[in-house]
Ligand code: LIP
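Just one chain is shown here, as structure tokens, and it is the form predicted alone.
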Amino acid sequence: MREGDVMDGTTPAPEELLKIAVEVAREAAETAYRMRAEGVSAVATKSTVTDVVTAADRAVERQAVAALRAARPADAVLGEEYGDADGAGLAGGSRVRWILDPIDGTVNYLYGLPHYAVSLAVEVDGEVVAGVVRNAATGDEWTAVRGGGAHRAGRRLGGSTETDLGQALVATGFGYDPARRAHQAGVVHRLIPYVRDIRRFGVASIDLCLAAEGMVDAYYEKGLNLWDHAAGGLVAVEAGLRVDGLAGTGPGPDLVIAAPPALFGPLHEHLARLDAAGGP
């Protein structure tokens, strides 16, 4: 980290926070990639027997948290594996909180599928103002600053131009609980006649970025945590997509929908009718 990045009692502009996020995410992604090449170890389970966590998830999170502490010691950090990393930040009076998913797509990581990401967003006063998603396997990287657009490899993103839901390629994901997956499969079964096709990549943060890039036309999923969608959701919003839940509830565990304005309404209508936010 550069000396100028160290906490000095003020809150930097979102662009400066993004610089920190990108540096931390790139270093974390390198560690994830290296550890995958060395072989996945210490595989354990969390919510179900199919919800896995590896030694790499934990090591990458510890590394990223340490880097954020070095750059911004008073900030709060919320990570997938360790939660509110020792509770620091709020007591220090910082307005900033970092939201980290060290390896989004752990099952892909376990199997060696080249589709897993480090996702890092930063909030100021509870609003996400910057974020980065980096595919650790390929080096693909998406960034966004609130009000400053979303970018990949220097190119500003604008989402899909598709206006007909029947011609839309829609990405989604499934939970780990078998009963939830069964409900979600039922939703897909009844939705698929109304869209071009469905894609399921297994990485929510990247799915949101693919929607921002227009590589899929829209995305929805139930059961996401904040670290799953904070960075990718900002990328999608800054690419011009609407990112919301059902009936204006806001994106959250019940449902996240990301789509261009022309597709959002029709997709939302179908998902509400099919009870996409329901089930276990």
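When you see a residue number, it is the position in the sequence shown, counting from 1. This one's a predicted model, so the numbers in the text were calculated from it and none came from an experiment.
We do not show the form predicted in complex with the ligand, though everything after this point is about it.
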Exactly one listed stretch (141-149, 194-202, 126-134, 155-163) reaches within 4.5 angstroms of the ligand in the model of the complex by non-hydrogen atoms, and it is 194-202
Asp75: heavy atom within 4.5 Å of the ligand in the model of the complex?
-> no
Look up in the model of the complex whether Val243 has a non-hydrogen atom within 4.5 angstroms of the ligand, and give yes or no.
-> no
So in the model of the complex, does any heavy atom of Gly105 sit within 4.5 Å of the ligand?
-> yes
Is Leu224 a contact residue for the ligand in the model of the complex, using a 4.5 Å heavy atom cut-off?
-> yes
